[in-house]
Ligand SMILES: NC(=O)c1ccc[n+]([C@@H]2O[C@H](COP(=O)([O-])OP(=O)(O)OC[C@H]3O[C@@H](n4cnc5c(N)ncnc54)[C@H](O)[C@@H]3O)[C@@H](O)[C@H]2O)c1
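Here's a solo chain for you in structure tokens, the form predicted on its own.
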Amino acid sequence: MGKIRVAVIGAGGIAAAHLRAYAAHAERCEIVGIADVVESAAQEKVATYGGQIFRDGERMLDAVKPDAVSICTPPKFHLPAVAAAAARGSAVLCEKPPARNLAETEAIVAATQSTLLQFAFCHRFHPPLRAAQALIASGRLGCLVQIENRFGMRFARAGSSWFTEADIAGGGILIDTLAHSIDIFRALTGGDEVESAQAQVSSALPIDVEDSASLLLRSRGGVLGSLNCSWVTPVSEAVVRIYGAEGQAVLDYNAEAGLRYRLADQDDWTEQRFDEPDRFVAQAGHFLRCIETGEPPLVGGEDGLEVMRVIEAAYESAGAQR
């Protein structure tokens, strides 16, 4: 086949990551259209990456007839955008969270039964995470016992962007950031699905959604997960700690050594550094390969549904208003 014709609906910050990733695969694909209700946002991206400018996603789909579409809108608009692309036979890469709730995610999966659907849980393609999965699979850490994760930062736009509008985002940081954390937990446990989820949420800011959340998970096989995130802590942290019966590993997104581990019979840490493409480039490459070969995506519809089931249970346990 010739170059894959790619379009993007939504031209905000995450769209830039998708477009940059597609540009890294320029020998395999070309950008043919970018749509956003804010025309200047689409213009800015087209100036860098090419394609035609549109204010309406469906008009773009009819005009340029893309083979593949990245859905980079806020969650409220995922379902209609995915349904429109799928109805025209386009493969879909949909940003996280899959939707505002489980029902909308189920509708997205139903709408894409005849086409390719990949959810953009980009951490699945983070080289240190892939190495951690291999380390776990090797048995060197022993049986998994606990997984801890923290994504903390100070979100300067909290209260002044759609991220903190419940009707658009579906909630606050729990659905926005812990969606990634839940998928990381699932990736590391290797299909040992979440059996129970209990959350606590709070808000230090004058907003209508939570700006901090803590989630305790238990997998069916007994692995415990402690997942924490905040938009109001000033020191940026992005760390995953993995504890097994025979060793532990630390995945630090801000460290030069992306993964380090120490086994029970070792006094020193083994550090691993990575030169592979970043997770967005790898994610786009995988999406394109699935289109080219027909292989199923690493993160498909069922993965999105599982993450949203946990998010629904977490919100219910916290008694949070959404």
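Owing to the predicted nature of the structure, the values given are computational and were not obtained by experimental measurement. Position 1 is the first residue in the sequence shown; the rest follow in order.
There is another form of the same protein, the form predicted together with this ligand; it is not shown, and what comes next is about it.
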| item | value |
| --- | --- |
| In the predicted complex, the residue from 147, 184, 251, 122 that sits within 4.5 Å of this ligand by heavy atoms | 122 |
| Residue (of 159, 152, 142, 74) lying close to this ligand in the predicted complex, criterion heavy atoms within 4.5 Å | 74 |
| Residue 95, heavy atom within 4.5 angstroms of this ligand in the predicted complex | yes |
| 4.5 angstroms heavy atom contact with this ligand in the predicted complex for residue 176 | yes |
| 4.5 Å heavy atom contact, residue 38 and this ligand in the predicted complex | yes |
| 4.5 angstroms heavy atom contact with this ligand in the predicted complex for residue 280 | yes |
| Contact stretch among 109-117, 162-170, 186-194, 200-208 - heavy atom within 4.5 Å of this ligand in the predicted complex | 162-170 |
| Residues within 4.5 Å of this ligand in the predicted complex, restricted to 1-40 and counted by heavy atom | 9, 10, 11, 12, 13, 14, 15, 35, 36, 37, 38 |
